[in-house]
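Read the single chain below, which is given as structure tokens and is the form predicted on its own.
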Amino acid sequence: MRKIWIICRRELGGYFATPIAYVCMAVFVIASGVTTFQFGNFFGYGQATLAPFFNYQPWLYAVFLPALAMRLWAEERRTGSIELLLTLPITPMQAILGKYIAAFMLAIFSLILTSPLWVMVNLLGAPDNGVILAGYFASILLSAAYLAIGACISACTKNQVICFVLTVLCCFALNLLSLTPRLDFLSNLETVSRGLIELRTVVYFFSLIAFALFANTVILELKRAD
């Protein structure tokens, strides 16, 4: 865990050494407000709920999270520092987890910045805070899955823009597949957007995260062999 935390701190320092972390968080908070109040018609919804906020989370995450994930490995490969990183006394999985946790922490912090919406909905009415809390937990699961996909794709290319585009396409594809009635298992995405947590939803996302991180490990091992 100590080695993972060292990699995590290194990655967080890289995020905040450039404007990328600040810009991504600011854009996410602003976009969350716009979709909630304008597209979600928050005040005209007629209920004290954050459903207008959670309904758009999968689509916002499909753009926001690839922006966080695109530099995880693509930048290391572009600068050649990946060779130095992989020669350190750490395993590829420790490096992967350290960088992944750093990006995940930024995603969680960005989600926390939207908490004034939760405060406001409680001031305006008497919402079911249990449902809202479940919605936030579901958003965390979704962000973890999309970041894992983005990290895996980032390890495949040296170009951050290509990584961003491919990850956005993958995330949007998952969102669109959830709209297909026959693909019931992928309807977990719709369940997440409504803030409903079921065992199959948790299993689905943990399986997706584990598979993406395992694929990331395989890719790095292949790069090390080269």
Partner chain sequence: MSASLRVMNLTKKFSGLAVVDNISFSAAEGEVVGLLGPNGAGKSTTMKMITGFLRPDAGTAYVAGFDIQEQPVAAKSIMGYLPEGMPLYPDMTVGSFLKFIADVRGVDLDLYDVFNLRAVVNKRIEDLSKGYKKRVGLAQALLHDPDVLILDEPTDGLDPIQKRDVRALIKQVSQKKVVLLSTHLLEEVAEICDRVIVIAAGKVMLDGLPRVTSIEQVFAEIETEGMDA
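Just so it is clear, the model here is predicted, and its values are computed rather than measured. Residue numbers count along the first chain shown, from 1.
Absent from the display: the form predicted together with the partner chain. The rest refers to it.
- Comment: 74-82 is the region of 74-82, 121-129, 100-108, 144-152 lying near the partner chain in the predicted complex, near meaning a non-hydrogen atom within 4.5 Å.
- Taking the partner from elsewhere, Ile140 is found to have every heavy atom lying beyond 4.5 Å of the partner chain in the predicted complex.
- Remark: Ile219 does not count among the residues lining the partner chain in the predicted complex, judged by a heavy atom distance of 4.5 Å or less.
- The partner chain in the predicted complex is approached by Leu88, whose closest heavy atom lies within 4.5 angstroms of it.
- Along 6-39, a non-hydrogen atom within 4.5 Å of the partner chain in the predicted complex is carried by Ile6, Ile7, Arg9, Arg10, Gly14, Ala17, in order along the sequence.
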